[in-house]
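We begin with a single chain expressed as structure tokens, specifically the form predicted on its own.
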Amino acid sequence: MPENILEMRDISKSFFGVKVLNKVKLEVRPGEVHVLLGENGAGKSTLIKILSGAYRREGGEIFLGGQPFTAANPKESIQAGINVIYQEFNLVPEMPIYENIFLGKEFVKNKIMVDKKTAIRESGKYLEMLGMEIDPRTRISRLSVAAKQLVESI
């Protein structure tokens, strides 16, 4: 059997004294696809937010590639290769694709100006890797839901 690339063991979380997750277990092997299915309030989003560093777990362990893993925040999770695409988008609809991709991590030239040309060029590379033939200057509001999800994954 192949080694798990992700293991979440005995994950627990409460909100205001209400147990939302009680010793939840999730194992993912290379190449597998999983679906978290359940009714509203079942804890699906909470589990993923713990993995992504958005929430802190109260109990349990997480292993990524066999190594203990704890993300202090979503940025650390992204750096470790975990990227969550939420049902609700975190994109700014009236901004172009390239600005959304580099929001908060802008390229700067002369230490004071945003380097728009570099951002457009670099975002174009990401879009190309995803097989998206679209101008990075296109506003998010003009994209399909599927295209928005792909942009969100970058």
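Start at 1 and count along the sequence shown; that's the residue number. These numbers come from a predicted model, not from an experiment. If you superpose the two forms and keep the largest set of C-alpha atoms that fall within 1.5 Å, you have the rigid core.
Separately, the form predicted in complex with a small molecule exists; it is not shown, and the next lines address it.
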query	finding
Proximity to the small molecule in the predicted bound form, single hit among Ser52, Ser45, Asn100, Ser123 (heavy atom within 4.5 Å)	Ser45
The small molecule contact in the predicted bound form: Gly41, any heavy atom under 4.5 Å	yes
Contact flag, Val24 vs the small molecule in the predicted bound form, heavy atom cut 4.5 Å	no
Contact of Ile11 with the small molecule in the predicted bound form (heavy atom, 4.5 Å)	no
Distance check, Val20 to the small molecule in the predicted bound form, heavy atom within 4.5 Å	yes
The small molecule in the predicted bound form: contacting segment from 90-98, 32-40, 65-73, 109-117, heavy atom within 4.5 Å	32-40
Large Cα move at Ser141 between this form and the one not shown, threshold 2 Å, rigid core	no
